[in-house]
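What follows is one chain in structure tokens, specifically the form predicted on its own.
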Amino acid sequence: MSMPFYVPPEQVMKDRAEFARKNIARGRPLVAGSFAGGILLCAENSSGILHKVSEIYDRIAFAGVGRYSEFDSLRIAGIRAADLKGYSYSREDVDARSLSNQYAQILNNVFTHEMKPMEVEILVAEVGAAPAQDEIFRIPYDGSVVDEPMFSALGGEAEAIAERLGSTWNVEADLATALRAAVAALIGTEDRTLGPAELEVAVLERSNGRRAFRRLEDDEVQSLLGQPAS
């Protein structure tokens, strides 16, 4: 009787991580950060239908990079979990931290027990009464949870984008300044441009009441960036 082929568990985990990282890096990046008026979420996305940024619940937003079908299924699961908790207990009991932990459990279970990990990296953000009270959580493919203090970058070249953001980001900036800093970090080089048609932009506004999420239309993005009308 032939012996089964043996692969050390640490090699299996390493291969899964490399597979997930390689495919996530192919995706177009996104950034999120606190500014004076709330939390900005800005992604490279030329599709007007397949959204990478969306509302989860009241003052909470979701963003994802990687395989669209996988992070969109996570988005839907988060909405259902938030609705159920808010209905069963109180709307105030639904928060970004608990949602992030639920997402982390799902991703960790898939990464640990399934043959193929989920090729996604997601972000959950909750706007507070002031920038110091904002919460931004990044959850990679392996289910770890990273608490980002001011801003976060996901997807391709995330480390380089985060480094560029670190030198320009100001939590007391207005929306126009924050958006320009985010787009400049996404672009990275002077010989490349990003216009409203290539961007998906949304904000969680502090002054918008219970439903803080608002998606920005192309004309508003163009005006905020100071680009001439086409």
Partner chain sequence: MTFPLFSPGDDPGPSFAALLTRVGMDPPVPTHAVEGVTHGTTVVAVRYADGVLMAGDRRATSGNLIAHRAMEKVFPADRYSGVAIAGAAGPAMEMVKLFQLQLEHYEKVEGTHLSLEGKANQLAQMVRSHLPAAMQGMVVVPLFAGYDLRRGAGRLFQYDVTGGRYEETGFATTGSGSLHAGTVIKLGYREGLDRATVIDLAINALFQAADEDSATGGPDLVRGIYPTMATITIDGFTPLTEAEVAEHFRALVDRLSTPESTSTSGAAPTMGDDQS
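Keep in mind the model is a prediction, meaning the values are calculated, not measured. Positions refer to the first chain, counted from 1.
Only in words, not in the display: the form predicted together with its partner chain, which the text now covers.
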*Even though its partner chain is not shown here, does it sit in the predicted complex so that 76, 81 and 99 each have a heavy atom within 4.5 Å?*
yes
*Evaluate residue 22 for contact with its partner chain in the predicted complex, applying a 4.5 angstroms cut-off between non-hydrogen atoms, and reply yes or no.*
no
*Is there a non-hydrogen atom of residue 203 within 4.5 angstroms of a non-hydrogen atom of its partner chain in the predicted complex?*
no
*Classify residue 44 as contacting or not contacting its partner chain in the predicted complex by the rule of any non-hydrogen atom within 4.5 angstroms, answering yes or no.*
no
_Does any part of residue 210 reach within 4.5 Å of its partner chain in the predicted complex? Heavy atoms only, please._
yes
*in the predicted complex, the residue from 160, 106, 145, 150 that sits within 4.5 Å of its partner chain by heavy atoms*: 106
*Look at the stretches 162-170, 28-36, 182-190, 48-56 and give the one with heavy atoms within 4.5 Å of its partner chain in the predicted complex.*
48-56
*Residues of stretch 22-36 in contact with its partner chain in the predicted complex (4.5 Å, non-hydrogen atom)*: none
